[in-house]
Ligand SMILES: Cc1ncc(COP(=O)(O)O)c(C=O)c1O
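As structure tokens, one chain now follows by itself in the form predicted alone.
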């Protein structure tokens, strides 16, 4: 049985005036930046149209459009069981500004910021661009290629200058959804060393099996020292709306964060808030169908790699729509993304952009039509065959 998303074609997608499809030449199959190619939920479009028809284009309140924080609070309770209040939520123009704000709020020039690598590049940028020391700790891998948090390595990396733990959960690019014992180990580290924590949980809704566990829900001590960053932009394909939320149960921590953000990063515009509110309130059916389709794409990649790319290693992502492909045992090991672009006309993210631990890897975004995922995999197979 076909799905409507199967009908998306390469010729159609490359005409879109979007970064994803304009970054490369017209003949390149773009599967890099974390945008979906799917049409946005009708509920989101209707929510934005309703706001536009109101003709109320003045400044919204600092706390947002009526109901937007409540919609997030209800969504978090429904999907994760984490119970917070609207007063514990602050609006942001995206999660990345929140990373910069957390570094500014909870550390000073020269302080250390601890994070697990390989890692989404803005974590390092938010640290080093503000004069802090990026203290990277590589995630450990087991024999299957599955990454996991290494408490001993993290403990060894903490110094008297360390002030903040930056967590990406679910993890980008590896696709890990950290388990409770891993989160408890992180919380123990934060509590014993009296660190603050910022947890980027933007991909939380894109968890395939089970339910996402927010870091701040592990225990009250960790919650009192944590700012959690969430938003609808990945799960509902709204990256261009530039909206996110900071959630902190400790009012002093939230105030400190808000002061760091004041007049440096303004709240998101009203149409973005209207779209986010509609997504959380009315986008559930669209999202459930989309997540099921993404899971099918993930499973296709997992089978293909195991059956036809024996020298490539992949631990199927537990969350996100990003496949972290390990080419270190192939002829492409030195520069897999570059070689696939040159010889396969396939645009993936270069693993080294996620730090030294990404050498020999490439990240593939599979939030597109299944026939195009199949084509991308066959292009990889073709390049590997031609180079062997």
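Keep in mind the model is a prediction, meaning the values are calculated, not measured. Residue numbers count along the first chain shown, from 1.
Unshown form predicted in complex with this ligand; subsequent notes refer to it.
Trainee: Considering this ligand in the predicted complex, find the one stretch among 89 to 97, 301 to 309, 246 to 254, 109 to 117 with heavy atoms no farther than 4.5 Å from it.
Mentor: In short, 89 to 97.
Trainee: Select from the listed residues 197, 103, 278, 168 the one whose heavy atoms reach within 4.5 Å of this ligand in the predicted complex.
Mentor: The option sitting close enough to the partner is 168.
Trainee: If you check 270, 213, 162, 233 against this ligand in the predicted complex, which one has a heavy atom within 4.5 Å?
Mentor: Exactly one listed residue reaches within 4.5 Å, namely 233.
Trainee: Evaluate residue 242 for contact with this ligand in the predicted complex, applying a 4.5 angstroms cut-off between non-hydrogen atoms, and reply yes or no.
Mentor: Contact with this ligand, yes.
Trainee: How about residue 202 - does it come within 4.5 Å of this ligand in the predicted complex, if we only consider non-hydrogen atoms?
Mentor: It does: once this ligand is placed as it appears in the predicted complex, residue 202 has a heavy atom within 4.5 Å of it.
Trainee: Does any part of residue 341 reach within 4.5 Å of this ligand in the predicted complex? Heavy atoms only, please.
Mentor: Contact with this ligand, no.
Trainee: Looking in the predicted complex, any heavy atom of residue 348 within 4.5 Å of this ligand?
Mentor: Residue 348: no contact with this ligand in the predicted complex.
Trainee: Could you list the residues in 23 to 38 that come within 4.5 Å of this ligand in the predicted complex, counting only heavy atoms and keeping sequence order?
Mentor: Stretch hits: a single one, 34.
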